[in-house]
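So this first bit is one chain, no partners, the form predicted alone, shown in structure tokens.
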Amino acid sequence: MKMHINGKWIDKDEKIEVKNPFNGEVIDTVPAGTPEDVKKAIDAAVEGYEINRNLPVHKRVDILLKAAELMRGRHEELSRTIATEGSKTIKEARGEVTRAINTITLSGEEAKRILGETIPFDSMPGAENRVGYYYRFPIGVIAAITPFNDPLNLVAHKLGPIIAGGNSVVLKPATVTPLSALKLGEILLDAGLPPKILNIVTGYGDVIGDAFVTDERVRMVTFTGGPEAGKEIIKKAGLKKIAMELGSNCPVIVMDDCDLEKAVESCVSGAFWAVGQNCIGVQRLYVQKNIYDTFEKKFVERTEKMKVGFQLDEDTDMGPMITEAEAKRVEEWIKEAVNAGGKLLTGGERKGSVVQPTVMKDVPKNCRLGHEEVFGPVVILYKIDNLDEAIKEANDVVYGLHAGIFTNDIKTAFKAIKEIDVGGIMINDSSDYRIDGMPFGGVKNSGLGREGIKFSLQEMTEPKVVCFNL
């Protein structure tokens, strides 16, 4: 496939191979973009901003809703693209396409609700003759950098509100999974989006990343990825808006009054969905001691029933990690935890890019598995005495994206809601629950700002005050 700059699909002699992570088969190539390509894309986006800011809202709405309709017609094609270039099983990929359609639909709907308010200027003595209001206006060119783990829906979460808000965009999709993003770009253009509004540059982050974030014409950088990369972007970006979703090491608390079967099923899914390459996936499970042994037994049994293999097989429950290098990293973290005294309950084996679903217990907190984001199919069980202990342990990391708690006691739930330091807490669900319309983001090293279409639009627009002196 080709990248899209200044209304043209551009190819280059230097290519990047896009490979199926299960078997290494080359499925396509994309151009290896350069900083000069990024500059040309930003040049075009400057013009694209002038076009989009002057488009009537109803035209933006029509484009986005038409794009969602086109996505429905290409549902299986998009699903197979996600599952072929990435780690998700075909069943998981179909779910992502459905969500991405919802994300683009929400963007069209929310374009009609970028609202302002009247301001009571006469609340200030001396301003009795003044009346006014504020409205929100687009901010300009936005650079969007997306990860591999949701190669369609996380792109939709950038492009949808950018377009809805009247901005323009230069997109850098993940190097290993660019095809889904390029197909979404095709669909938006087919839906009638003026071409200069959307520019997509494929390439290696260490080659073109700085060109995206340092250009002064870019007024906002929206990034989803790891915390170290996020911190580097913040250092280099200069005076512009920043939105960061930087991952987590999510805790889930299981109290002894909960529905145990529901907790087990939900947490197994939450731990191993998308091979654990999921910023809100379950990594740390704090289980009350009265039910710990039963929970551990059921959790391990359910994990061992998962079928692991080729992600395009209809009966596969969990596919490969995105690269063999990532699988080796997770294997190394598991060995480190075992050498430090952690106990392996099931899994831990690696073959190529496939890591078996892994359950551990008694992992020391100073191990990387205990305090960093593993971004792989590993979950750790801990035995806790009471809620206070569980909350203390849940908060004892530098992340704070999502958490979960299973309990049938409303007071227990509200104590956890108040005291766990996260951007979202799920009651009787694992941390791995999200709908695309809710505010999504974290505290501490988990990021800055909030996604979710309505909330992204607040980040991607600015208020302008209007005051009449009568």
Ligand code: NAP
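Position 1 is the first residue in the sequence shown; the rest follow in order. On a predicted model such as this, the values are computed, not experimentally measured, just so you know.
The form predicted together with the named molecule exists for this protein as well; it is not shown, and the discussion that follows is about that form.
Although the partner is absent from the chain shown here, 145, 203 and 440 each have a heavy atom within 4.5 Å of the named molecule in the model of the complex.
Of the candidates 122, 304, 396, 232, 232 is the one whose heavy atoms come within 4.5 Å of the named molecule in the model of the complex; the others do not. Scanning 401, 44, 38, 67 against the named molecule in the model of the complex with a 4.5 Å heavy atom cut-off leaves one residue, 401. Although the partner is absent here, residue 197 lies well away from the named molecule in the model of the complex, with no heavy atom inside 4.5 Å. In the model of the complex, residue 375 approaches the named molecule with a heavy atom inside 4.5 Å. Mapping the unseen interface onto this chain, residue 85 falls outside it, with no heavy atom inside 4.5 Å of the named molecule in the model of the complex. For residue 245, a non-hydrogen atom is located within 4.5 Å of the named molecule in the model of the complex, even though that partner is not displayed. Heavy atoms within 4.5 Å of the named molecule in the model of the complex map, among the stretches 205-213, 88-96, 109-117, 304-312, onto 205-213 alone. Residues of 258-294 that come within 4.5 Å of the named molecule in the model of the complex, judged by any heavy atom, reduce to 279 alone.
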